[in-house]
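Given next, in structure tokens, is a single chain: the form predicted alone.
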């Protein structure tokens, strides 16, 4: 195993994972808000935020899909050492990590079932820019409206139309993340 796979995990796992979990919950409960996270660093191309999300949300029983550049030997070794999560095809994933382009088509990810809508995928989408500018977001957890730089709007319109089914998204950039649950309405600019 390469040395890079052995580093980059939480140093104080109980405290760091609790803080990270709180940030992720806040991001999903208040779509469009941007939260800083720290404490983990997987090998490139994964950001600190994506690394923290994986360490916090995945474990040895959580199927993970790595798309595009995220599916590298270094990242696979890092996940094997720090998380032990099984790496699977997109259709079987609880979590999928990659850029928006690499995750296409998003229709291949699980959207849950009518009696179990929670059995859907969460996409951890690596973006180059994460700011409160772009399409307007409305819905649960948003007082009036907020804005978030999204890679597109059509896929999120289609996903919202499936509610209560659909996938959820965590957008990650450097050490920041923002949530976009399936219940959020995305309006064009």
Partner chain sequence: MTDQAYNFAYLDEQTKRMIRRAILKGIAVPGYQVPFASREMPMPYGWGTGGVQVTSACLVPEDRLKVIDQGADDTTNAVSIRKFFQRTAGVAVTEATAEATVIQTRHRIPETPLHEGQILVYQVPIPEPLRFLEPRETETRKMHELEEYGLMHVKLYEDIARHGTIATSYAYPVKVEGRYVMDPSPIPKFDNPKLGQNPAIQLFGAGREQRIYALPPFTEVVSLDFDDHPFEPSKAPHDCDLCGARDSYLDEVITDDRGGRMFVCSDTDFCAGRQADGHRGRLSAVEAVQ
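Positions refer to the first chain, counted from 1. The model shown is predicted, which means the values in this text are computed figures rather than measured ones.
One more form of this protein exists, namely the form predicted in complex with its partner chain; it is left out here, but the text below deals with it.
142 is the sole member of 142, 136, 131, 158 with a non-hydrogen atom within 4.5 Å of its partner chain in the predicted complex. Contact check for residue 15: a non-hydrogen atom falls within 4.5 Å of its partner chain in the predicted complex. Contact annotation for residue 149: none of its heavy atoms lies within 4.5 Å of its partner chain in the predicted complex.
Shown alone here, residue 114 lies within 4.5 Å of its partner chain in the predicted complex, counting heavy atoms only. Contact check for residue 24: a non-hydrogen atom falls within 4.5 Å of its partner chain in the predicted complex. Stretch-level contact check against its partner chain in the predicted complex with heavy atoms at 4.5 Å: of 42-50, 64-72, 29-37, 149-157, the positive one is 29-37. Contacts between stretch 155-169 and its partner chain, counted in the predicted complex as any heavy atom lying within 4.5 Å, involve 163, 164, 168, listed in sequence order.
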